[in-house]
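In structure tokens, the next block holds one chain alone, the form predicted alone.
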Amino acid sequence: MTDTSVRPVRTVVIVGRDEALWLTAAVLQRTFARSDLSFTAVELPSLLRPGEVLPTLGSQAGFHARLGLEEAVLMRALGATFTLGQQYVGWAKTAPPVFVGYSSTGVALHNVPFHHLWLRARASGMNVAFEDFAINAACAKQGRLLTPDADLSGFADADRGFHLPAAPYAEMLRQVAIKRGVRHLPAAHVSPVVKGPEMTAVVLSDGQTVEGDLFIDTTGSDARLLSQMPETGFSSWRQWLPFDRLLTTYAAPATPLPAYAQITAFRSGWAGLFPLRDYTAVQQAYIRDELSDDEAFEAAAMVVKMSLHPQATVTPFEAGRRPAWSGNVIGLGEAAAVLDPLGTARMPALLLGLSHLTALFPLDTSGLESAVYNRTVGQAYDRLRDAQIWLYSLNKRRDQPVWDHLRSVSLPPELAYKREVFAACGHLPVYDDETFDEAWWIAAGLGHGLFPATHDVRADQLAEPELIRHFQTALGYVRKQVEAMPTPDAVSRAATV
């Protein structure tokens, strides 16, 4: 018997704000431009904060290309910058900073992965940091920016991420979406209309009723639409990711301009510097029970050693996720998963959901695709979460309650197994739906001092002179490449011409 309540998807209503709303609207409109789908974007008031930045990975470029946004034009118009990774300062009180970049490290020899070669040499007394063999780390530390035309064939896989000024970026996406034909309806707030297992409409603040076949929730962490649907309860990750306040402000642009973000740990949290062409975005994550908001602002200035703009904003948050698809409502971005602000998780989480949605776009309102979508996207969110827990768990800040907790808390099972295997023998299990590749996990582990008890026995079969020549060749190659790279300032100046 046919379920007469099921109908084809023809009208799509996207409710939300800022980059999540407009990236979703622009990408869906572009992807399904030749279908008979209609897209309406209901725009709620912005929650972006002055000086806010969107750090993201190089994979964002694929979405820009899909939208026809030329990278050079986008970077120039927004004042955005490239980033080669993050430098972690103070993760151990006496250890030097650790750089975790978006490139591989070293080169395998006779099919023996490089990190096993490095572990053997380290055990024999070599005193060269693992990150010194990574092209992104070397460029960042020498004040250079890796360019796309660098000849890295056979040596490294390397990428660049982005620091995107949040408000101009959202406005650019808004213009693109509307120009491409997305219907735009502003609203102060919305009231969802749910009948049985389905949402049938949203009522806008001016009384207008907007009906639809499919509703996409990009409202943010309160999940204004998705939370009204069955079986969409929020699962907290607070036991692993306890920070619950984010302070956002900005400072003068850095001179010279770094090609990386700096994340500095302090007793109650961390403070991050994200260089942009026209200012330096500042974020600080901390725990409400340890620090008042006024104390947090004072601490941020001391930690980053910069004069901060007093127009700081504090946003409460709780890391966790909910099932992203229920009935005919799908949550994207923070409506589905709230990640800790560490690293570059917010935008990749949005892109993960959006990418899977375009691949599994529903034919009708039955929600048939929801089970597989929730499973794959949920796993991908968990892997992103685990990458953040991995970084936090590697800290060596002793006798500081929050850092002691982050170091000693029981890990999620998949991450616990990953750590156990790596710590034992240097091999690293890689799961499906990982955002960060094996090289990133190994660089973070070794950089923060998680040294495996042993290494691949194949590394012991190599003659020491051959191993030494291999290391010398790798370091020489990195040095030569870095010297040929421009400075971030030179790239920024060229972009403004």
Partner chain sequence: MTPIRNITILGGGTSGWMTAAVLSRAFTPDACTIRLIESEEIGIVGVGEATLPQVRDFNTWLGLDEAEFMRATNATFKLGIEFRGWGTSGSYHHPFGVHGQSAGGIPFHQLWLKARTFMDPGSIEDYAFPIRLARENRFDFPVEDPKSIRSAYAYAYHFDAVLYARYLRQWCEARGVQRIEGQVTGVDQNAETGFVERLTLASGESVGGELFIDCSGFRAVIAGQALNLGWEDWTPWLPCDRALAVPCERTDDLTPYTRATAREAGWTWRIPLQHRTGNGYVFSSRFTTEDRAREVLLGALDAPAQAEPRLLRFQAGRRTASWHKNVIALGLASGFLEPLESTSIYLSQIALTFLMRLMPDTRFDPALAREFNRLIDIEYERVRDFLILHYHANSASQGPLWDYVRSMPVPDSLKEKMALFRHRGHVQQYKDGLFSPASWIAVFMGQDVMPQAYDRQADGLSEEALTGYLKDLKRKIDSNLAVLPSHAEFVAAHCYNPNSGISHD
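Residue numbers count along the first chain shown, from 1. Every value quoted in this text rests on a predicted model; they were computed, and no experiment measured them.
Note that the form predicted in complex with the partner chain isn't included here; everything after this is about it.
### Query
Does at least one non-hydrogen atom of K93 fall within 4.5 angstroms of the partner chain in the model of the complex?
No, K93 sits far enough from the partner chain in the model of the complex that none of its heavy atoms falls within 4.5 Å.
### Message
F361 versus the partner chain, in the model of the complex: is there a non-hydrogen atom within 4.5 Å?
### Response
Contact check for F361: yes, within 4.5 Å of the partner chain in the model of the complex.
### Task
With heavy atoms only and a cut-off of 4.5 Å, decide whether R375 touches the partner chain in the model of the complex.
Taking the distances in the model of the complex, the answer for R375 is yes, it comes within 4.5 Å of the partner chain.
### Query
Does the 4.5 Å heavy atom contact test between T454 and the partner chain in the model of the complex come out positive?
Contact check for T454: yes, within 4.5 Å of the partner chain in the model of the complex.
### Query
Using a 4.5 Å heavy atom cut-off, which stretch among 126 to 134, 422 to 430, 248 to 256, 338 to 346 contacts the partner chain in the model of the complex?
Only one stretch qualifies here: 422 to 430.
### Query
Within 4.5 Å of the partner chain in the model of the complex: all of R10, F32 and S366, by heavy atom?
The answer is yes; R10, F32 and S366 each reach the partner chain.
### Task
Report the residue, out of L152, V409, A371, V203, that has at least one non-hydrogen atom within 4.5 angstroms of the partner chain in the model of the complex.
Here the answer is residue option A371.
### Contacting member of L37, L57, L67, L48, with respect to the partner chain in the model of the complex [4.5 Å, heavy atom]
None of the others qualify; the residue that does is L37.
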